[in-house]
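We've got the same protein chain twice here, in two forms, each standing alone as structure tokens: structure 1 and structure 2.
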Structure 1
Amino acid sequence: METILKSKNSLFRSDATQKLMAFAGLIALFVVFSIASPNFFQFSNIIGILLATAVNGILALGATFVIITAGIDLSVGTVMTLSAVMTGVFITVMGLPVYVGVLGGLTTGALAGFINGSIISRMKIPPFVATLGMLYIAKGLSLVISGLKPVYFNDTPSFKEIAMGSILGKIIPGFEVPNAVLILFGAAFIAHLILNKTVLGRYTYAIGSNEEATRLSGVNVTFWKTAIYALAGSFAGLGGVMIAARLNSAQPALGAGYELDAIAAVVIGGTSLSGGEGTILGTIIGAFIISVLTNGLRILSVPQEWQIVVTGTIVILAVYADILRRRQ
């Protein structure tokens, strides 16, 4: 009896299994929706889901780093918007080449993140407050800089291709997976490498696990925390470029509320808000769970008000499942 219990325990406790189970949840959603509607499991809808995950997934990547440090970033949504607007300004208003504009967008995000990180680590302002302030500042600046109008990329058709073109489709005809999806997976892979193979990643976990001990070990916590928020900002910047390319326009009023979706993805993916643990794979699965849910409920034409109720319930249940798994 005890041995059975024990072996079950160790099975449940293994990290790999844990991820497998989150993945199983995702698969379960897929199966349920596929049975419920013939329109769900179709190539174009799967592509649609992947595409719908791109922006939130990329924002969630950055949020993962911040949350592993036991911080929070409420500004990802509006910083994304600000980066989109700046990309638009660089390319359309200033007429700079597309790649410069993209770099400009990334830099905008990184800069906002850098400011977040500096306020948090130097002025010792709690992340919630610092990034709440940044949420407002970036929102206001997006409106100011854009002059309250969307910035369109009509003169540079190549910009749109960043998200909506399909390099894969050129290689494998008919397999028209938009670049945005590739970029999401590419960014996730890079984030995974940074988190697991570099000093920055190591310190991300260390700071989240015990910030004071990390400092006492001679690590320049101020520097690294700033770097981590700047990195998260860069992902928000990438998100900005992606959403602008997707919409072929920078929409200055977008972005409020997006932080909650990004954080929900991270948390559903098993990253703990108290820091020290979390994975990129989990976050990506979390982001997909949200998109599949949203898409599936839409495909089933569930009334929108009920979609909201279901989403709230699933957020709680997903995290509860994760907690139960851990407790085992």
Structure 2
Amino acid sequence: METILKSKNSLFRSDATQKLMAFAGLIALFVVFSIASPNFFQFSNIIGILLATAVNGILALGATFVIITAGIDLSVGTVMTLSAVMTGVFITVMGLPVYVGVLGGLTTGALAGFINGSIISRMKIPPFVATLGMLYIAKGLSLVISGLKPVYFNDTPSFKEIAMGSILGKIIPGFEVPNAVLILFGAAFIAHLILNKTVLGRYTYAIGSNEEATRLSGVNVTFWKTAIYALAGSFAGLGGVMIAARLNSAQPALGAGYELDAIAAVVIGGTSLSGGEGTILGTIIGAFIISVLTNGLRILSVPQEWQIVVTGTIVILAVYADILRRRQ
């Protein structure tokens, strides 16, 4: 028993160290870019960073659950796009109320995630292949349903307020923080509760730690894995609603590459690709690291291609750090 407790304490310290290192890295980026450019720490630029993190952060929340199970979801970017398009169809084409369109977008994402989970858990197709297929399906459906044209919300000004309005600005004059940022933190809080306080969260960790042992203990792994992917799809649906509201349009060709940023945020935040480990706080820190890094390099006029190189290097270092941590 004493050995088990020592092992748990060691794991806790290791996980806490990982999050501390990620947070320290985020602070270091802030300090470096603030010194390098006086424009970086301006209030308007900080709001821009928060807004840029909103969509990617929401996608990363769903990806966290999947990666903790030792799975992967390559379809979150295009599922986000499909959800945005369906939201536009419900509101602008069918003339339904805004809240119905939002629910339609969330349902679209959840349905895509449910299909992913069913294919993976029931048909035993590897997550990489199943979600890659969904990536193309969602991308194609977005183009077909939209008729290859953006869907605009010009006749529904209240829709844009979902992301770009500011409830805090009305309460505290001059504190114009977009609603999208509040929704990100609200979604993160809900994801944290699900992961740490519910049966779904416990089984997420259990499946990632040892799926076969979890199955032999009497857990319906097929059901819970499907539920986990459906939850990840719901976050992708929320991301679709957010990006549509932010742009005031649903762009059917948008979405490719978002899945890579989401996965990068999760990995940088300390979630292990081997499964069984990960936190929502770490993912949010990882999402902010990517946004701060991109914003800072852009302000310093670093070419976009080199920004991508730097991000890829950080992802590799984060994975290598996880390998070293597991060896210890």
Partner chain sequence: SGNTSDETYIAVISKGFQHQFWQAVQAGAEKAAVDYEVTITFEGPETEAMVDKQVEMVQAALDKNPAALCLAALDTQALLPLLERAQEEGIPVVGFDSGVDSDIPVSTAATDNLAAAALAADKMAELIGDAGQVAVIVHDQTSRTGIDRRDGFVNQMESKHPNIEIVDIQYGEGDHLKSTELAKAIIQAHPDLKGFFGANEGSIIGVLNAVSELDKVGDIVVIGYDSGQQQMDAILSGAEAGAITQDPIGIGYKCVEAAVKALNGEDLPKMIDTGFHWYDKSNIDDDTIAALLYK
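If you superpose the two forms and keep the largest set of C-alpha atoms that fall within 1.5 Å, you have the rigid core. Small disclaimer: the values here were computed from a predicted structure and weren't measured. Residue 1 is the first residue of structure 1, and the numbers go on in sequence order from there.
- Query: Out of structure 1 and structure 2, where do we see the form predicted together with the partner chain?
  - Reply: Of the two forms shown, it is structure 1 that corresponds to the form predicted together with the partner chain, while structure 2 does not.
- Message: Once the core is superposed between the two structures, does Pro303 show a C-alpha displacement of at least 2 Å?
- Response: Shift at Pro303: 2 Å or more after core fit.
- Rigid core superposed, Ala318 Cα shift between the two structures in Å? C-alpha displacement of Ala318 between the two structures: 3.9 Å.
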